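Presented below, as structure tokens, is a lone chain in the form predicted alone.
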Amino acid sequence: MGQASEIGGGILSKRIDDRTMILFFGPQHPSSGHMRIIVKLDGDIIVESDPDLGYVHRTMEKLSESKEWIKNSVLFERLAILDAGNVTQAYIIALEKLLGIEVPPRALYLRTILSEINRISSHLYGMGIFAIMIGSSTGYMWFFGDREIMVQLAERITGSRLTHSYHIPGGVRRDVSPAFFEELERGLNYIERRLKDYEVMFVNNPIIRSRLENVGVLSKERAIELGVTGPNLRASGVSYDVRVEEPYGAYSFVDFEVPVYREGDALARTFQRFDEIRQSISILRQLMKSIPEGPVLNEKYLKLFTSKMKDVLNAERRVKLPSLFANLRPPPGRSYGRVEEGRGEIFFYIESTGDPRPYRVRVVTPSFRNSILFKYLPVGERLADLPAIYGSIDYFPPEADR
């Protein structure tokens, strides 16, 4: 095997013979986050692909064993700050099962509203990264610029643009005023109009279509065999969504469709995300119309509020955490929580021995499950198609590495 050499742009390669070359794609931020794909080329055809993960591993599961239960919510939302509300909701659901605590209906609605705002934001983020990977700088600017509306709406409901720390055992940290729903409706109207523009500018652009159609095809059978999740699974013809299979939050109170495509190529994965944004808009409108009045935290915890804490809640619609939360001691036992993130199912397993810190936390993220696609989808494709395949998967390295 020859020595490694630089072929331009900081990309390293090794020539094996006159036809075969090994190319190191990354790890210096090939798109979103840090990871590397080691590809073996015959000419410009990929004959082997080996994803090299772990560059942003942060020992999150082990770290969580040294932190109090409530503090782990702040830790885990760093898995994917672009979709933090969905990440922490799965952890809090698992914790609430251990505590045996229920969530008031209004808090369930507010959780679901944040989930769908995060889903739209996550899809626009992924599409922006995808666009710049295949050379559409206009797409990058459009998707990221429009995503700002969703980020600001998330800030209005939680007080934070990205790391919301919104979900707490038994409820949420903030209520919203009626004015928030007017802002939300204006934001949804804007995104709805822009979806038509996206189709003209991006997915129906003949250059974009030629780069995505019949590229990186994932069959239904292979998707199931590999354990793929989320929009990538549904774009291959499998109708599976945690919001339907095991409803949580307020999903039981709304009607929505689970879009499915059968083609399984990069183009189908792109259309899939646009259709899911349309469904999120429909869900949010239903939630706005039917959200009930009432408390945003379980009565058991509201009884612990001091007069000052009650004043803050009534005046600012903001929950100041009772001191009990700093020293939660769930009874010994095991539980799980799972949620449909923007990129697919996230699963938390937690185990308590009755201490103020977890004995064990295990988290399986959608990016980790989908990372196996980098081994199989590029094989047989041209090297120039690798960015299109990568972007269409919507892979987020920090979430996969944990």
Partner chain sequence: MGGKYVEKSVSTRNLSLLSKARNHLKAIMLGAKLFIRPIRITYRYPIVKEIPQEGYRGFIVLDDQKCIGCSLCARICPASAMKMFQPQEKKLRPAINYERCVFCGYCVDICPENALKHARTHDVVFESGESMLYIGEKFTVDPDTQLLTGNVRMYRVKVDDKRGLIYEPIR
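For clarity, every value in this text was computed on a predicted model and none was experimentally measured. Positions refer to the first chain, counted from 1.
Form predicted together with the partner chain: not shown, discussed below.
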inquiry  = Can you tell me if Val200 lies within 4.5 angstroms of the partner chain in the model of the complex, counting non-hydrogen atoms only?
reply    = yes
inquiry  = Test of understanding: in the model of the complex, would Val260 fall inside 4.5 Å of the partner chain by heavy atoms?
reply    = yes
ask   = Is Lys62 a contact residue for the partner chain in the model of the complex, using a 4.5 Å heavy atom cut-off?
value = no
ask   = Applying a 4.5 Å heavy atom distance criterion, does Ser73 contact the partner chain in the model of the complex?
value = yes
query = Exactly one of Ile81, Ile101, Val244, Ile224 has a non-hydrogen atom within 4.5 Å of the partner chain in the model of the complex; which residue is it?
reply = Val244
Position in contact with the partner chain when the complex is considered in the model of the complex, options Ala94, Leu153, Val228, Ile277, heavy atoms within 4.5 Å = Leu153
task = Given the partner chain in the model of the complex, answer whether the residues Ser219, Asn298 and Arg402 all have a heavy atom inside 4.5 Å of it.
result = no
inquiry  = Residue by residue through 302 to 323, which ones have a non-hydrogen atom no more than 4.5 angstroms from the partner chain in the model of the complex?
reply    = Lys308, Val312, Arg318, Val319, Lys320, Leu321, Pro322, Ser323
